[in-house]
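We begin with a single chain expressed as structure tokens, specifically the form predicted alone.
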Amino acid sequence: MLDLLANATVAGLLLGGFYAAVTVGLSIAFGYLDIVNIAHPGFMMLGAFAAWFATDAWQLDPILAGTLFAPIFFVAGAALYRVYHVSFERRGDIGLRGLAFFFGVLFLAEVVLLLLFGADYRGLNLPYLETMITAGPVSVPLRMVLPFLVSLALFAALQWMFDHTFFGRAIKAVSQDPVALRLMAADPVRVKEVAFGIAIATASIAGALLITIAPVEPSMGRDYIGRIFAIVVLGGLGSLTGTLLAALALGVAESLTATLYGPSWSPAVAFGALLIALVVRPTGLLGR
């Protein structure tokens, strides 16, 4: 029994690392920019299929492909923010209509993938991903370890940028005091544009990590909407460290629930955690 719990806990930590990579872009958009980008999972699916295509057609490593595609996603994210700003934010209409806008982007991404790739599952069969790593009673596949390590590296790089660069601090300030930001010779709209581009660029890497873990199909992004919003709220708006801790905690909780009570119960964990966080600690673990 102890061996089973140990394996479930380690698997949950690795799963939580992947959840963190999926969530970090939304944490930037929602936590720092006050943009409820519900389309983020759609961009992750675009990244997953882009990585699959690059691996299948050009024999690139999927994680390398996701990193190489990140600048393209950055440009797409910056352009999308410009449309959002001109159409909604500048007019002060960022409520229901802004949310509907991102819903439309989510379904547009799904339709594009359906037209290009169909509804079939696409997966990768790379020998190194099947390698098992064993330490005592714990045994985990490399396909779960790599996303965990890449996610930690991604969080470390972003946290360093936010803490040690002028632009990173400008992103933190843009939703709190845009007037003061202008006095520091920084354009809040430009800061948001670049920050949103960075948020979407992370979706390319998250999608590449997803395709290394399991086969994907175009509508899978919907499964992550509730989960990633629960992680952002549980971690606390404006805290990347909180997002990482919440993702790890949720991954462990889901893994233990699936092991002890069956996988059908694990999706309820995310929403249960969200409800508890809203009641007990609305600001999240490390929220502002």
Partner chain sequence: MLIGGYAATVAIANDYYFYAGYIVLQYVVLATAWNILGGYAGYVNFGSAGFYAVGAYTAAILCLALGAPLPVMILGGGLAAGVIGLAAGYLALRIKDVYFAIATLALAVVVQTIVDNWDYVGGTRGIYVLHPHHAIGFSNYPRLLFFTMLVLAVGSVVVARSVEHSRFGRGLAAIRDDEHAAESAGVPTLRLKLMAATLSGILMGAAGAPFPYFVSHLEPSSTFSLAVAVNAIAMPMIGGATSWAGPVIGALVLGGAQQIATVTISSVLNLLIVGLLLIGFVIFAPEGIVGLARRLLR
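Positions refer to the first chain, counted from 1. Please read all numbers here as calculations on a predicted model, not as lab measurements.
Quick note: we don't show the form predicted together with its partner chain, though the next part is all about it.
- Taken together, the three residues Gly272, Leu275 and Leu278 all come within 4.5 Å of its partner chain in the predicted bound form, as judged by their closest heavy atom.
- Although the partner is absent here, Val233 sits close enough that one of its heavy atoms falls within 4.5 Å of its partner chain in the predicted bound form.
- Its partner chain in the predicted bound form comes within 4.5 Å of no heavy atom belonging to Leu68.
- In the predicted bound form, Val112 approaches its partner chain with a heavy atom inside 4.5 Å.
- Interface residue remark: Ile225 is counted as part of the site for its partner chain in the predicted bound form, having a heavy atom within 4.5 Å.
- Shown without its partner, this chain lists Met144, Ala170, Val105, Val150 as candidates; in the predicted bound form, only Val105 has a non-hydrogen atom within 4.5 angstroms of its partner chain.
- Per the 4.5 Å heavy atom criterion, its partner chain in the predicted bound form is contacted by stretch 79-87, the sole one of 121-129, 79-87, 160-168, 134-142.
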